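The chain below stands alone and is given in structure tokens; this is the form predicted alone.
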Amino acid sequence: MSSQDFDVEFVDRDDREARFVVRNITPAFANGVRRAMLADVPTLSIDSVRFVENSSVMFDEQLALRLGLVPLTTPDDYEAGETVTLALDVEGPGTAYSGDLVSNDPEVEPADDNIPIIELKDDQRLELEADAVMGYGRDHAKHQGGVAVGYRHLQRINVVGDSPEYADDEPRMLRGVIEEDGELVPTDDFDNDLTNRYPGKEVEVEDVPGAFVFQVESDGSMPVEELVLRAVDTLVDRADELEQAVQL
């Protein structure tokens, strides 16, 4: 299957979240893309911390764990294993936030500035240096750029007639995206209830062959579109490696 066979249509998207339909793929390929987004796209994450001063109420190890879970923007020219150094120097009273981290690379910064690290009281200070390492989600969850990645079959709705005259008008819930006369309609447009979309009608729901709806949320380390593209690239690279190995 070549990439030219794929048909991708976005339902909605922004930098952090996207929902899109991919056609002409198998369930195995859809699951491969999902797994690649979680495990095979490397991101930067704090891996080691050197404390200069910590007079807060929290142990060094606890603070290091919190810092490791702060998503960092990840430039596309970094390779696995590369590092970048960040520094933090905050005095109380006040709260130390992720936005207080200062990087030696202007392209690497916290994806969110308002993640609280610790509240400092009077005369308390936190000063440290941290090394962020480019790593894979398959090795540690803190390197997963996709925080919520899922897919389901695209479903088509067929109106087969009118509802029986005395039929119970019970809700018929369906979540995701439906295809209606060639158009993609998010089910939240009608509160996920088919009886709102097709009042008084009897309908049948069927899966559209080879079509899957992906819903992806990025942690901010990279835009969601970039996350998807990098994941597909890893699948292509693996396929090339397998092809070369078979030919040896």
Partner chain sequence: MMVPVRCFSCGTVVGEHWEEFKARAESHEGDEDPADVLDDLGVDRHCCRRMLISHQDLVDVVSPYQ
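Positions refer to the first chain, counted from 1. If you're wondering where the values come from, they're calculated on a predicted model, not measured in any experiment.
Same protein, other form: the form predicted together with its partner chain, not shown, and the subject of what follows.
Chemist: Tell me, out of P116, P164, G81, P93, which residue has a non-hydrogen atom within 4.5 angstroms of its partner chain in the predicted bound form.
Modeler: Of P116, P164, G81, P93, the residue with a heavy atom within 4.5 Å of its partner chain in the predicted bound form is P116.
Chemist: Can you pick the one in R197, K201, R66, R35 that has a heavy atom within 4.5 Å of its partner chain in the predicted bound form?
Modeler: Only one option qualifies, and that one is R66.
Chemist: Answer for E217 alone: is it within 4.5 Å of its partner chain in the predicted bound form, judged on heavy atom distances?
Modeler: Looking in the predicted bound form, residue contacts with its partner chain include E217, since a heavy atom lies within 4.5 Å.
Chemist: In the predicted bound form, does D131 have a heavy atom within 4.5 Å of its partner chain?
Modeler: Although its partner chain is absent here, D131 would stay clear of it in the predicted bound form, with no heavy atoms inside 4.5 Å.
Chemist: Would V70 count as touching its partner chain in the predicted bound form under a 4.5 Å heavy atom rule?
Modeler: Yes, V70 is a contact residue.
Chemist: Report whether the minimum heavy atom distance between Y136 and its partner chain in the predicted bound form is within 4.5 Å.
Modeler: No, Y136 is distant from the partner.
Chemist: For a quick test of understanding: in the predicted bound form, does each of Y151, D181 and L184 have a heavy atom within 4.5 Å of its partner chain?
Modeler: Checking in the predicted bound form: none of Y151, D181 and L184 is within 4.5 Å of its partner chain.
Chemist: Select, from the options 118-126, 100-108, 156-164, 73-81, the stretch whose residues sit within 4.5 angstroms of its partner chain in the predicted bound form by heavy atom distance.
Modeler: Flagged stretch: 118-126.
Chemist: Quick one: name the residues from 37-61 with any non-hydrogen atom within 4.5 angstroms of its partner chain in the predicted bound form.
Modeler: Heavy-atom contacts within 4.5 Å come from S55, S56, V57, M58.
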